[in-house]
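So this first bit is one chain, no partners, the form predicted alone, shown in structure tokens.
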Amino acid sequence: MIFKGKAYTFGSDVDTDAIIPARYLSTSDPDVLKLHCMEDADPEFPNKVKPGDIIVAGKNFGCGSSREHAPIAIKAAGVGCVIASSFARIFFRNSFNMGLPIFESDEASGAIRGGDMVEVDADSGVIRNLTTGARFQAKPIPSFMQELIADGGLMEHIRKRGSI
């Protein structure tokens, strides 16, 4: 599984309220949530992000409340994956459960700049900054987790396997 897109950078401690503001939590409809993804951090983000683009952030991305709306909004906005120095524990779990690939790399997080073209190989964990030629290593996503992502998240994965 390869992800390739333009990088949008954010700082450290981006909380779930910055990812999807609480005022939009009356719905879990991905088509509504994507319209407000990251708008408090960058009001133009929902209008400029393109399918496959990549969010790059500092430490503790997704901290705050445990809402599943945050990874749903990011995924619905078309973001291919998120790279950060570290993720809040519940956001980490929710991301995979919702089918949003995430990669931890302190080096990539600090070196990738907004607008850089980035490619991530989920099998190897290699992150390449196609703009600068730099290469970084993240933990690869195990094949069973890649299946879960490809199926659209945990519930869809279980449905497709006939367990529900």
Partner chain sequence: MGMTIAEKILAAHTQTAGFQPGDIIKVDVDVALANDITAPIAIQEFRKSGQARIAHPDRVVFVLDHFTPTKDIASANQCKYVRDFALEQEMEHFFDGGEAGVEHALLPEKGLVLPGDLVIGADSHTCTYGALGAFATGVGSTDLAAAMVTGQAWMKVPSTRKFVFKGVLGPWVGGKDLILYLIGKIGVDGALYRVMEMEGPAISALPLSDRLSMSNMAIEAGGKAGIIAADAKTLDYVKPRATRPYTVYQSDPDAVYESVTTFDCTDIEPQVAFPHLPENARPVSQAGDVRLDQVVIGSCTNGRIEDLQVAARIIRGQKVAKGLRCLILPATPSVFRQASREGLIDIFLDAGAIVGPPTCGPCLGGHMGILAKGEKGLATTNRNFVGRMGDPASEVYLCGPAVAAASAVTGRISAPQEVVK
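Residue numbers count along the first chain shown, from 1. Rigid core here is just the name for the largest C-alpha set that superposes within 1.5 Å across the two forms. Just so it is clear, the structure is predicted and the values come from calculations on it, not from any experiment.
The same protein also has a form predicted in complex with its partner chain, omitted here; what follows describes it.
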Is it true that E68, L148 and L154 each have at least one non-hydrogen atom within 4.5 Å of its partner chain in the model of the complex?
yes
Taking the partner as it appears in the model of the complex, which of 22 to 30, 123 to 131, 109 to 117, 49 to 57 has residues with heavy atoms within 4.5 Å of its partner chain?
22 to 30
Taking heavy atoms only, is N97 within 4.5 angstroms of its partner chain in the model of the complex?
yes
Flag A88 as yes or no: does it have a non-hydrogen atom within 4.5 angstroms of any non-hydrogen atom of its partner chain in the model of the complex?
yes
is_contact(G11, its partner chain) in the model of the complex, heavy atom dist at most 4.5 Å:
no
Can you tell me if C81 lies within 4.5 angstroms of its partner chain in the model of the complex, counting non-hydrogen atoms only?
no
Those residues of 128 to 147 with a non-hydrogen atom no more than 4.5 Å from its partner chain in the model of the complex are P142, F144, M145
For S12, does the CA position differ by 2 Å or more between the shown form and the other one when the superposition is done on the rigid core?
no
For P140, is the CA shift between the shown form and the other one at least 2 Å following rigid-core superposition?
yes
When the two forms are laid on each other by their rigid core, does L25 show a Cα shift of 2 Å or more between the shown form and the other one?
no
